[in-house]
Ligand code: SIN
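The data below hold one chain only, encoded as structure tokens and taken in the form predicted on its own.
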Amino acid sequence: MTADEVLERLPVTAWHGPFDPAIQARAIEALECGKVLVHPDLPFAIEPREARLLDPATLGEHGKNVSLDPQTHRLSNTAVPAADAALLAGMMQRFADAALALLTGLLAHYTAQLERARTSFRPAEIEGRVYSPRRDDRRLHVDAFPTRPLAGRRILRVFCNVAPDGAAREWLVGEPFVDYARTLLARVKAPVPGTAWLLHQLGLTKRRRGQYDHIMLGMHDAGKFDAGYQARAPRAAVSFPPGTTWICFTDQVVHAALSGHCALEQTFHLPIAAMLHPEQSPLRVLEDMTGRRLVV
């Protein structure tokens, strides 16, 4: 595989539209077929007073990201002093607003049904850190949330490299989702009866986990724990230098983040009814493979 096969580079240089209709059409078609949209000349401006936040010391001890809740606007997992918390939250909120403006202009077909989820800041270097296999995003995977079942809704993410030292964010992009699923679907065991009810009752999931989310999590884990898959699966190496913004459906794009630091990321959820081609969604692909409905 080559980078040109998995990337769609677009000449977008502003966070706000209007954008040329031909660019909008290219963007949505490439996105839905499983490519990564790349805007190599779309930096997110860091204000001078925010520059000191671009430091691994900004991160707390309980995860890989600083997180901003879209409802409460509260930060979690940050080590900044209280005096800097508002500054950090403001920087992340500005990025969330810019990401929403970008998608509203570039992917106007989705606008009415986009749901903003968490904003994250990833200041720490990926390379060299120690993770469990399940949490190790240097291994090829698609995203699935253990605590937040999505029932088929898409995970659409906007990333921007804001590293102040010129460090690129290095990714691998893997095979098409349909091939990933053909390899891993058979390894997913049926859930133990009552598990979804119990997890929800205990507050470990936000809603009951259905068949779709069970399968997505099962494939996520099976792929990450399979050393043979990680060694032999097709992949293309891609590099995102500072000032680059990229967008993809991370529940569909098989990916791994190998190195880099100081990236901003905004997550959106999207119902498949909003897509131009819902048959390309992971839900529809898995329903075709299993021969049954996976979301009730």
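Quick note: we count residues from 1 along the sequence shown, nothing fancier. Keep in mind that what you see is a predicted model, and the values were worked out from it rather than measured.
In what follows, reference is made to the form predicted in complex with the named molecule, a form of this protein that is not presented.
Visitor: Is E125 close to the named molecule in the model of the complex, meaning a heavy atom pair under 4.5 Å apart or at it?
Guide: It does not: once the named molecule is placed as it appears in the model of the complex, E125 has no heavy atom within 4.5 Å of it.
Visitor: Just checking whether H255 would be counted as a contact of the named molecule in the model of the complex - the rule being heavy atoms within 4.5 angstroms.
Guide: The answer is yes: H255 has a heavy atom within 4.5 Å of the named molecule.
Visitor: Counting only non-hydrogen atoms and a 4.5 angstroms cut-off, does F95 reach the named molecule in the model of the complex?
Guide: Because no heavy atom of F95 falls inside 4.5 Å of the named molecule in the model of the complex, the answer is no.
Visitor: Please determine whether R154 contacts the named molecule in the model of the complex, using a 4.5 Å cut-off between heavy atoms.
Guide: No - in the model of the complex, heavy atoms of R154 and the named molecule never come within 4.5 Å of each other.
Visitor: Just to confirm, with a 4.5 Å cut-off on non-hydrogen atoms, which of Y110, F159, Y212, F177 contacts the named molecule in the model of the complex?
Guide: For this set of options, the contacting one is F159.
Visitor: Each of D137, D143 and R169 having a non-hydrogen atom within 4.5 Å of the named molecule in the model of the complex: is that the case here?
Guide: Checking in the model of the complex: D137, D143 and R169 are all within 4.5 Å of the named molecule.
Visitor: If contact means any heavy atom within 4.5 Å, which of 33-41, 53-61, 229-237, 255-263 contacts the named molecule in the model of the complex?
Guide: The contacting stretch is 255-263.
Visitor: Select from 211-240 the residues with a non-hydrogen atom within 4.5 Å of the named molecule in the model of the complex and write them out in sequence order.
Guide: Contacts from 211-240: none.
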